[in-house]
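Presented below, as structure tokens, is a lone chain in the form predicted on its own.
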């Protein structure tokens, strides 16, 4: 099973070992403490908050620090044993691999893999794992067990009971179990429930519950159907909807509640024989425990995300989650590179910066196939970026498959906010954002807006201020603004904020010339009230929250 762990370090000394561990897991990211491990993929300010966030998201955690630190950090979150992701503590020098949490989520297997990778022995303490060489309560993907039933049988085996296996459990043949032809306990594989307390039933996930898209079924109705058919809830593999993928909110919530995927098929006949049915629901038993992945398609999703200005610390957690879950990532090549690291199984589709509508169409076609797609923009996707292009493409399309895609716009920190925060708070009062590019709107419209924004004494943030093909427009815009603003009006120039070449310049409208600006510069023109002052060794710019009543 492929996992993508979050690797935590507290200092630079642990980074070499973290990178070595990262080699074993494609797409894994190294999280480092700000000021002490800034060369990590992601930096954090508070270890406890960052670790707990990854735990809540279900991400496997590998922490290169003392086990006690991890235990104390996560202690308040420990609830149901079956709900925890794998958590391991590893010595900075790689000499100890200690699985802490997630015994039912494969933590011991991860520990064995890591220990083998590092050339050490894993510190496994699980009784069943040590005695039998396997965890009976953690079957392979595609199978599940009733934990309470399983605990009783494992406890009996640890107490000296023997066990009989049936031929459907090949993964247990090499385990060191106390086997007997007529064992005291039995392990069988079946989708059906068993009331025998001496039998551990490993349930293959082969049950498909099918409903029509215009029908809603409750959790109670689903449980009743499974019980009536004597099928174990753990055998449920997927909730199937007939028809074109579309929004079915109540069924999506039900699938999430019972922990199975929601899939769509054209015809219920492909599901095989009916095991049980009513007018609202039918239950089918497939032959293959991987049926959920191969049956029909999922409802595809398209997340349009903003990466922020560039630094990983400025990226919203929801954006990182979407990127980690994506099968396909599309965007301008520069932004796709910024969005990494990626796993080897993720498909990257980089394109030219001016192919917005073609890129949006490509994204919808991929998502209509049931894939998880992410469209990346810098800054915020809704501010002079891809969200508008995606919605424009969707509005113009009559393809029902496109309209069936689950579309999400995920915000990011836009360039004006990033530049403003470096300078102080120049956007502290009313402001507007204006693109000086006339590629998609006439220059006359831009001039009209500049006049009104200047007359209204709004702070103005300029996107796309100048380029080789438009060298004259910023100068013309400044000439226009100078008819309304005094020469000492405060100006902020933020270039590549959040990226390695970041620079900030504070100047005035009278001193500003177009040659101080390029396409990667955010220009913020203050209002009549915007101020600059010194504090210690630096200067701050801000626009007061109040505005004089007699100023206009």
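Positions refer to the first chain, counted from 1. If you're wondering where the values come from, they're calculated on a predicted model, not measured in any experiment.
One more form of this protein exists, namely the form predicted together with a small molecule; it is left out here, but the text below deals with it.
*Asks:* Can residue 415 be called a contact residue for the small molecule in the model of the complex at 4.5 Å between heavy atoms?
*Replies:* Judged by the heavy-atom cut-off of 4.5 Å, residue 415 is in contact with the small molecule in the model of the complex.
*Asks:* Taking 4.5 angstroms as the cut-off for heavy atoms, does residue 39 touch the small molecule in the model of the complex?
*Replies:* No, residue 39 stays farther than 4.5 Å from the small molecule in the model of the complex.
*Asks:* In the model of the complex, does residue 309 come within 4.5 Å of the small molecule, counting heavy atoms only?
*Replies:* Yes, contact at 4.5 Å.
*Asks:* Would residue 495 count as a contact of the small molecule in the model of the complex, using a 4.5 angstroms cut-off between non-hydrogen atoms?
*Replies:* Residue 495 belongs to the contact set for the small molecule.
*Asks:* Note which of 431, 384, 314, 342 lies within 4.5 Å of the small molecule in the model of the complex, where distance is taken over heavy atoms; exactly one does.
*Replies:* Partner contact (heavy atom, 4.5 Å) among the options: 384.
*Asks:* Which residue among 59, 489, 43, 521 has a heavy atom within 4.5 angstroms of the small molecule in the model of the complex?
*Replies:* Here the answer is residue option 521.
*Asks:* Among 152-160, 474-482, 375-383, 422-430, mark the stretch whose residues have heavy atoms within 4.5 Å of the small molecule in the model of the complex.
*Replies:* That would be stretch 375-383.
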